[in-house]
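Presented below, as structure tokens, is a lone chain in the form predicted alone.
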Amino acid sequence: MHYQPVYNKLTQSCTGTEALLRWTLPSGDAIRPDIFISAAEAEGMIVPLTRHLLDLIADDVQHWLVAPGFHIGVNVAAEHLQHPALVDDMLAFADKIKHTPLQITLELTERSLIKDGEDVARKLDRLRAEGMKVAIDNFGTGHCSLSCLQTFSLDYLKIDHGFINAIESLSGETPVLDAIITLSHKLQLEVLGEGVETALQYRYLHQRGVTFIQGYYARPMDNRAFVA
């Protein structure tokens, strides 16, 4: 497991992280996540792979010293979201980490919400009733951006880095980004900017009320480095 910190501009500290699976061969060569995750989906292995990921996270977090409400973001694939065992899998994970102060956040892509919408909505409502949060990852790049905001109960929007990259000056025009931020605020959703790499981008988002920041100022790191 690797973990990428999430920075909270209100507390000026790390108040969460996204859990990211990495695969390194015995030779030391790394397989890119987009390759092995796509392969796992094609081979029907993404659900057991995600269960393995949850077990690894549960082992790591037992030793974290974090404040109550510290978020652990877990990516859930479309196949798992539509799988009959999703709720049981996530509740089992929650039980394994119940002695920690962590807040579980399910990170979903818009693509994963297209199929079986009503059934998925019921599952997410059940998990939210159990105290979990729901985030839409890479918002604005999928196929159902606006419809999913009406259909599903959500807590966070993670704005795709492509929109963040459009910030070239504090006085520049980024109408799509500004519209997403404004819409999120009207819907009372928390906003996270992904792929933030420059002070200019940070200041732009800060001025528009974006609370959470994630980017390569803090790259994904292994558990030991993250704890340090």
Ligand code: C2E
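Computed from a predicted model, the values in this text were never measured in an experiment. We number the residues from 1 along the sequence you see.
There is another form of the same protein, the form predicted together with the ligand; it is not shown, and what comes next is about it.
J.: Between the options I180, I37, V66, A166, which residue brings a heavy atom to within 4.5 Å of the ligand in the model of the complex?
T.: Contact residue from the list: I37.
J.: Just to confirm, with a 4.5 Å cut-off on non-hydrogen atoms, which of T151, Q82, T100, N138 contacts the ligand in the model of the complex?
T.: Filtering the options by heavy-atom distance leaves N138.
J.: Given the ligand in the model of the complex, answer whether the residues K9, L106 and S184 all have a heavy atom inside 4.5 Å of it.
T.: No, the whole trio is out of contact, none within 4.5 Å by any heavy atom.
J.: Is H206 close enough to the ligand in the model of the complex to count, meaning some heavy atom within 4.5 Å?
T.: Flag for H206 set to no.
J.: Contact with the ligand in the model of the complex for I46, defined as at least one heavy atom pair within 4.5 Å: yes or no?
T.: Yes.
J.: Should D59 be classed as touching the ligand in the model of the complex when contacts are defined as heavy atoms within 4.5 Å?
T.: The answer is no: D59 has no heavy atom within 4.5 Å of the ligand.
J.: Is there a heavy atom of V191 lying 4.5 Å or less from a heavy atom of the ligand in the model of the complex?
T.: V191 lies outside the contact set for the ligand.
J.: Taking only heavy atoms into account, state which residues of 208-223 are within 4.5 Å of the ligand in the model of the complex, ordered by sequence.
T.: The stretch touches the partner through G215, Y216, P220.
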